[in-house]
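The chain below stands alone, shown as structure tokens; this is the form predicted alone.
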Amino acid sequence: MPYHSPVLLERSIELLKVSPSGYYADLTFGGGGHSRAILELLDSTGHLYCFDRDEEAFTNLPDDSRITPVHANYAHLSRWLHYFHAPLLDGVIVDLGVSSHHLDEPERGFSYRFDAPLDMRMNQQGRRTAAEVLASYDENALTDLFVRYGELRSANKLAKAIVAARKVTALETTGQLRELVQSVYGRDAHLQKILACVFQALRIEVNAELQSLERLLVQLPELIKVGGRVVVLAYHSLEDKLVKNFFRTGSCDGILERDLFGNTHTPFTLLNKGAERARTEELNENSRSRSARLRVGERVD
């Protein structure tokens, strides 16, 4: 099974508008699908910086002198580009969310399909696991977590059940959590969707995904040259909203700032009117493409 099958691959690369001699960054290297597609369009003077917080991803790294691998969270993009004395970038691509590899490897704890340790760390050197979140957050914090990141109904009931259950025994496996969720919501037709929301919320919290995305977005105006593009694939409304807001207004909260004279300026222009979605053929081949939303912003003066 491939490490990760990139969604909307051809369209993403088309929108990135790769210049043969350009400098680019793939901020979520994963299985290397986007990187390989970019490399095919670069000549000997072009260069690609490949970021991933999961060290396992770099087992897929092509043997190519035009690549600089960076084992780091893309939230630290500016720091690393300055370290490598990189010029302004011609483009960036970001494939957000969790990779197929993470979901399909039981021991990583990302999926409710397996019984495994509640880990969910994208970076295995990270300090906090999903089990530690469930063990240490109080009822209010857990409720807020499941509402904010999972958009879960009756989140307070689940939070209360978690606090009660951990007094008896520690919640350490995905199987334990799955059984607890089922005890709260029952075996109705929506159980799998509810489980997906619970696991998504924990994964986002463990990896500080939205905070990392916000930190990345605000750095981009200083790192992308005029005319350069940023292509983002998002998989849920929370991250897609941040991306859309930033491209439209220059701020993640969507508030358009004005100077003393009432003038506005945004560093990027949003090139697609709405988020692009996978076509029927791709949906049939890769069910994980169903939630993908593709947006592209171009750097302006």
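In this text, residue numbers run from 1 along the sequence as written. Keep in mind it's a predicted model, so treat the numbers as computed, not measured.
Unshown form predicted together with a small molecule; subsequent notes refer to it.
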Worksheet item: Is there a heavy atom of residue 72 no more than 4.5 Å from a heavy atom of the small molecule in the model of the complex?
Response: yes
Discussion item. Is it the case that residue 288, even though its partner is missing from this view, gets within 4.5 Å of the small molecule in the model of the complex, heavy atoms only?
Written reply: yes
Item to complete: Report yes if any heavy atom of residue 102 sits within 4.5 Å of a heavy atom of the small molecule in the model of the complex; otherwise report no.
Response: yes
Worksheet item: Is there any non-hydrogen atom of residue 224 lying within 4.5 Å of the small molecule in the model of the complex?
Response: no
Fill in: Stretch from 180-188, 160-168, 88-96, 194-202 whose residues place a heavy atom within 4.5 Å of the small molecule in the model of the complex
88-96
Item to complete: Can you work out whether the small molecule is within 4.5 angstroms of a heavy atom in all three of 30, 34 and 54 in the model of the complex?
Response: yes
Discussion item. Within 4.5 Å, heavy atoms only, which of 122, 142, 118, 81 is in contact with the small molecule in the model of the complex?
Written reply: 122
